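The form predicted on its own is given below as one chain in structure tokens.
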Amino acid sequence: MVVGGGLATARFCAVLRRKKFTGRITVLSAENVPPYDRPPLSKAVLTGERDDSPLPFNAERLEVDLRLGTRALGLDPAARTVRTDSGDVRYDALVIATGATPVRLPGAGPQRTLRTLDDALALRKELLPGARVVIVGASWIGAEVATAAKAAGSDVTCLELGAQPLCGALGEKVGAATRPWWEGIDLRTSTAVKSVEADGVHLADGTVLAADVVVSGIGVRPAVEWLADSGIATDRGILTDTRCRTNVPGVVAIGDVAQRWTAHTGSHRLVEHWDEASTAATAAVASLLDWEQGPEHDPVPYFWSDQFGRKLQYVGVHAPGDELTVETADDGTLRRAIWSRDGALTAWLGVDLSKDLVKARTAVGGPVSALA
């Protein structure tokens, strides 16, 4: 049984059938549509180029019992039972792929998040010419929403707690090199939000910003609340090893909900990106088919973002204290960032440098000179 209906689930079902598994596969999904791809939601769907983003997932062909609109409420590993809002469902082996949920701002006022297809379609209707759009968080998702809102002709303000856009993910020096991209948007950094109320966004300094649309882009939390008292070990997400195994035999976790052990940092780490959800299925399937044997899954982390007409691609894991080199383009904005420690490459970020990505990905962990 798989709990969750996203990319990780779709990949898992496909891999399991490719491994000649002929048993029953049941998928419980809280959403009312089959698995779909999330990255286009903040890009092509939000801009109106597409109305959906389906994955190549055919439940009938894969012989999957897909139960849409079914929310998991609890888990009893001893009884091998998942409690749902439609009744208890038994399993022989379990895959937890419940993803993550957006963090919402305090206050009773209306606010949007962007996580589901319904979220994207609803927000798109509100990105109108002249609409006062306030985005909280100059994050990856905040930047992508700002890109779409600006293109729609909205009056866009972005509020960021840090000193620069993306500084939480990339640091102030790299974030500062992206700041010129926000031209035409009222970007307010070092700005704390207190709450969202009916009359607008209330800032910590007492200022109230009127808004027609408020979008929260301040992060997500792995969806683990339903696992309380289950015995599944969790921290921020579900703790797994490099084979996607939890502390409970016969239960694996993949995708955004999994906090996987990685040798890249020597710790359990959330890797909340498309590439992780797409590639973990092979190890998860192998673990369930043979709990004691199978391949490890610990790739070099990779993610990308499309914002302000640019493609950003990042590989590796950098840490505070890493040596940082920032290269700028002719216009003075970010072109490339390279992080290293004791001469070894820890992470690489390129802007419109897709041709250099493969070399950077294979170079992580080796000498920085390998990038030459």
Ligand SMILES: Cc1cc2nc3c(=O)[nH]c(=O)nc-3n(C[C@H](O)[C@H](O)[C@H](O)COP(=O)(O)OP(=O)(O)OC[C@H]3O[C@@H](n4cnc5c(N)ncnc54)[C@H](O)[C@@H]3O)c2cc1C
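Residue numbers run from 1 along the displayed sequence. Small disclaimer: the values here were computed from a predicted structure and weren't measured.
Heads up, the form predicted in complex with the named molecule isn't pictured, but that's what we're talking about next.
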When the named molecule is placed as it is in the predicted bound form, are Ala97, Ala277 and Phe303 each within 4.5 Å of it, taking any non-hydrogen atom of the residue? yes
Heavy atoms within 4.5 Å of the named molecule in the predicted bound form: which stretch in 58 to 66, 27 to 35, 326 to 334, 341 to 349 meets that? 27 to 35
Listed residue that, although the named molecule is not shown, lies within 4.5 Å of it in the predicted bound form (heavy atoms), from Ile185, Leu239, Cys167, Ala72: Ala72
Would you kindly say which of Ala223, Ile232, Leu270, Ala211 lies with a heavy atom within 4.5 Å of the named molecule in the predicted bound form? Ala223
Quick one: does Val45 come within 4.5 Å of the named molecule in the predicted bound form, counting heavy atoms only? no
Does any heavy atom of Gly316 come within 4.5 Å of a heavy atom of the named molecule in the predicted bound form? no
Using the partner position in the predicted bound form, report whether Leu114 sits within 4.5 Å of the named molecule, counting heavy atoms only. yes
Applying a 4.5 Å heavy atom distance criterion, does Val136 contact the named molecule in the predicted bound form? no
For the stretch 235 to 271, I need every residue with any heavy atom inside 4.5 Å of the named molecule in the predicted bound form, listed N to C. Ile254, Gly255, Asp256
